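Have a look below at one chain only, the form predicted alone, in structure tokens format.
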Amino acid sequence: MIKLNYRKTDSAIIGADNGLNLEEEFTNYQEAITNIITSLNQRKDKPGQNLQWMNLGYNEETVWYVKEFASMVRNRFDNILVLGIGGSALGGIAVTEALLKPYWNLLTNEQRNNFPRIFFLDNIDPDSMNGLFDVIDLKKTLVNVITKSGDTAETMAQFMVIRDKMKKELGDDYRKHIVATTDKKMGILKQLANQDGYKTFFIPDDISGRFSVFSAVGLVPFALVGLDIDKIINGIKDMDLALKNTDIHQNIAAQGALIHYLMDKKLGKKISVMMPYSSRLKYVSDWFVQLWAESLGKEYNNNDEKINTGLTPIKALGATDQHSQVQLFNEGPNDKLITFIRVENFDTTLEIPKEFEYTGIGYLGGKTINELLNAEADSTKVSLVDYSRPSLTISLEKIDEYNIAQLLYMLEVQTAIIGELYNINTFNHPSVEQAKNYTYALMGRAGYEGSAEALREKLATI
């Protein structure tokens, strides 16, 4: 199981002005944490609670269909192209970057064991899109278009461009090159899939995009590139069982949630930094930024009181950002809680040769890059303590399907728990919908004509 070390948030380590008396706080909040964990598990099967993501580790039917589909298309395609934005892409990027061999798309077919390359189009930048068309052959590409609503403007615009290109290159066979992941009952993409005969997977009701990584949204691309989704599911199940424990001393998601909450409410630390010490985990931070920002940034609480709450997530990478951001972390405003992710055992070892022994860098010879990276992590944590800056450390034994599933699921549950502590709706994102509506109006969608006129007048004045 992954581990959480919270000692460097304790007042005994970093002082009462910037740390918490954790044993006292754990005791004070034990009843509240028990009630929150119990309530989340009681509500997860109820419609409208947006907690169906807590059941994804037990959706054996979806796993079976995904594995069957991946087996059917094995060796048929050179490329997987995922179209999606936000929660439809960030989880897929985070997991594949973590679990596939580094530089996967540059490896030979033999080095990839004949599994396809994978590309994510998670933005609508025209240069990036046109550049991608120059490097992949659409005739050898399977396109996975993902949007639950079925009308996400960015994703459907991408799909319209690519569908048109594929029809011109493949004729009617283009249909065999498309798999749609969307809502089971409604939406434009569902209609198109029925009309054109695309293979379709469904996103369960009551799951927000940022909590969808272990639904078909993530499992389909994972299986297509050869990741072991059975190990992913086992990681979720084991972590889910551990996080049902209502004793805060035994529940790392509850510990992380409460510490972040109290750091904000008691000590004014409203910035949460995610800093893995592994390049393979770099995009876990990107995924976490959306999870934290959309879930916690709310204008009103559940009592309709205006609170404008939220912890601002910042992504960093060790050791890279020791040379950019750590100066600010140490000497800037003491308003941050840094969460390190440490990997105990890397897949490979890289020795530093005994060169330049007569110089000041000779001490590095005979050590390993592995030792150096973890020494950098330890040094950064100690330097933060020197400046009375709080930090948490999540430790993974190694980077594999089981551990990555545990990590992401734990962070999802941590987010749900802290949302309950703030007494907010963790699962909506009303201002995102407002911006979407503005986009519909500006792009001329039917029914938004009045909004478009008012919006253009407003744009002219600001």
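Sequential numbering from 1, following the sequence displayed. These numbers come from a predicted model, not from an experiment.
The discussion below concerns the form predicted together with a small molecule, not included here.
Colleague: Work out which of the listed stretches, 78-86, 310-318, 224-232, 375-383, brings a heavy atom within 4.5 angstroms of the small molecule in the model of the complex.
Modeller: Comparing against the small molecule in the model of the complex, the contact stretch is 78-86.
Colleague: Candidate spot 152, 429 and 436, all three in 4.5 Å heavy atom range of the small molecule in the model of the complex?
Modeller: Looking in the model of the complex, the three residues 152, 429 and 436 all sit within 4.5 Å of the small molecule (heavy atoms).
Colleague: Check each of 391, 251, 208, 285 and return the one that places a heavy atom within 4.5 angstroms of the small molecule in the model of the complex.
Modeller: By the 4.5 Å heavy-atom cutoff, the listed residue in contact is 208.
Colleague: Sort through 279, 370, 290, 334 and report the residue having a heavy atom within 4.5 Å of the small molecule in the model of the complex.
Modeller: It is 290 that has a heavy atom within 4.5 Å of the partner.
Colleague: Taking any heavy atom pair closer than or equal to 4.5 Å as contact, tell me whether residue 148 reaches the small molecule in the model of the complex.
Modeller: Yes, residue 148 is a contact residue.
Colleague: With a 4.5 Å heavy atom cut-off, would you call residue 240 a contact of the small molecule in the model of the complex?
Modeller: Residue 240: no contact with the small molecule in the model of the complex.
Colleague: Can any non-hydrogen atom of residue 97 be found within 4.5 angstroms of the small molecule in the model of the complex?
Modeller: Answer no; every heavy atom of residue 97 is more than 4.5 Å from the small molecule in the model of the complex.
Colleague: Going by a heavy atom distance of 4.5 Å, is residue 122 a contact of the small molecule in the model of the complex?
Modeller: Contact with the small molecule, no.
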